[in-house]
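For reference, the chain that follows is the form predicted on its own, supplied as structure tokens.
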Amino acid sequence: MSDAAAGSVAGSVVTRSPLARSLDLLQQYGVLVAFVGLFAFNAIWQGDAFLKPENLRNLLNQNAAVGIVAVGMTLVIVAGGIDLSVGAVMALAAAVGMLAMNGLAGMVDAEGAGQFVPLLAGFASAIGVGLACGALNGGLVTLGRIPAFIATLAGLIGFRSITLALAEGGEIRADQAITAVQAIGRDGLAIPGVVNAYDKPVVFYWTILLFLVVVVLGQLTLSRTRLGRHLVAVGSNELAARYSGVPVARVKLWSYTIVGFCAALGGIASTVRMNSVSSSQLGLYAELDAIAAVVIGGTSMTGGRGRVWGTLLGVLILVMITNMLSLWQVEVYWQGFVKGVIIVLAVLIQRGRAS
């Protein structure tokens, strides 16, 4: 290559304006900027009420279940798929777990002892249902070669229908003998040095801790494991991944199984918080909130690029926006419209980054 040609190539590589680099940084870390901006706005506008530890804890607790599901959804979308059935899987897993728990309530004596076995059976049953539903979705997509949208849409309808049939259209409450369910929902780790208005320690609920643990494990899986690298490869270019020796079908199956597992954990988190399972309401629209959090967090809907820590920030952004709309007394019917606008804006930003 001549000196003139080399200089031309070098010049074409270096010529990026400061504005272009700033836009790249904004697009890459825009979710973090948005989170800090919204948090600061809420802290200034709502004053001490928003910054109270118990308020922040309650906001997290109310959305921990959706956050857990959103972590699994991140892995599926990174691999180029999608799962519309997660809300129905949450409900079905929670319903089966509650029925299994209540079926063993006779093991609990009058003093409340002997609750461990029913509790363990209920949680294990819920997780088993979540894994089975996720594997079924993954099998339909990989072995049946059914588009993910269609396969999981069928799951959304079918799993919810089974839940309604099990509960006869109503709700399933924990047996009165099993008090541990509600106790778990209200218990947690006391935050050292933090007390509420009644001078009692503020408790960090177990469901929030579960959410944070799932976030950490999800991020480690995506960024530090072979499965994570394979998820990115399949989502980026499935054909190239297959030619490179990546077991594409197995990777996709794992992604749907993991999101089914996360949906079951989300169902358990909702169950211990409410001490009951509503067959029609538990997990309703959870798939939309999870997808919204994933997209806002910077994961590409076309696959191949994603980050679980961004999904965490996406969940927190949605929490703050919902809180703001409620305080502004915006009707709940319009809140979905606002979330839709946010999703569109997030996708437009991603498209700008890709181009």
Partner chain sequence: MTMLRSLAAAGALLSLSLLAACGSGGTEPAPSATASTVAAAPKIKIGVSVPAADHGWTAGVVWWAKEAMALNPDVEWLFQTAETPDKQIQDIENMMTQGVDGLVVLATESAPLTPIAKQAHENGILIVNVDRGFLEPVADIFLEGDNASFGRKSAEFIVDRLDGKGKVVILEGIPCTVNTARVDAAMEVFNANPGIEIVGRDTGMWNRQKSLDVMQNILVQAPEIDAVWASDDDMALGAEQAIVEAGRQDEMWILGGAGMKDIVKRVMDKDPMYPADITYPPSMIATGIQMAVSVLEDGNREEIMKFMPQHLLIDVELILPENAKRHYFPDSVF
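Between two forms, the rigid core is defined as the largest C-alpha subset superposing within 1.5 Å. Residue numbers count along the first chain shown, from 1. All figures in this text were calculated on a predicted structure; none of them were measured in a lab.
Heads up, the form predicted in complex with its partner chain isn't pictured, but that's what we're talking about next.
Using heavy atoms and a 4.5 Å cut-off, decide whether 48, 194 and 219 all contact its partner chain in the model of the complex. All of them do, each having a heavy atom within 4.5 Å of the partner.
So, in the model of the complex, is residue 131 in contact with its partner chain at a 4.5 angstroms heavy atom limit? Residue 131: no, not in contact with its partner chain in the model of the complex.
Can residue 302 be called a contact residue for its partner chain in the model of the complex at 4.5 Å between heavy atoms? No - in the model of the complex, heavy atoms of residue 302 and its partner chain never come within 4.5 Å of each other.
Is residue 334 close to its partner chain in the model of the complex, meaning a heavy atom pair under 4.5 Å apart or at it? It does not: once its partner chain is placed as it appears in the model of the complex, residue 334 has no heavy atom within 4.5 Å of it.
With a 4.5 Å heavy atom cut-off, would you call residue 39 a contact of its partner chain in the model of the complex? Yes, residue 39 sits close enough to its partner chain in the model of the complex that at least one of its heavy atoms falls within 4.5 Å.
Between 236, 142, 257, 276, only one gets a heavy atom within 4.5 angstroms of its partner chain in the model of the complex; which residue is that? Among 236, 142, 257, 276, a heavy atom within 4.5 Å of its partner chain in the model of the complex occurs only for 276.
Stretch in contact in the model of the complex with its partner chain, which is absent here, among 194-202, 113-121, 155-163, 86-94 (heavy atoms within 4.5 Å): This holds for exactly one stretch, 194-202.
Partner contacts in the model of the complex for 155-193 (non-hydrogen atom within 4.5 angstroms of its partner chain): The stretch touches the partner through 171, 173, 182, 186.
Core fit, then residue 198 C-alpha moves 2 Å or more between this form and the one not shown: Shift at residue 198: 2 Å or more after core fit.
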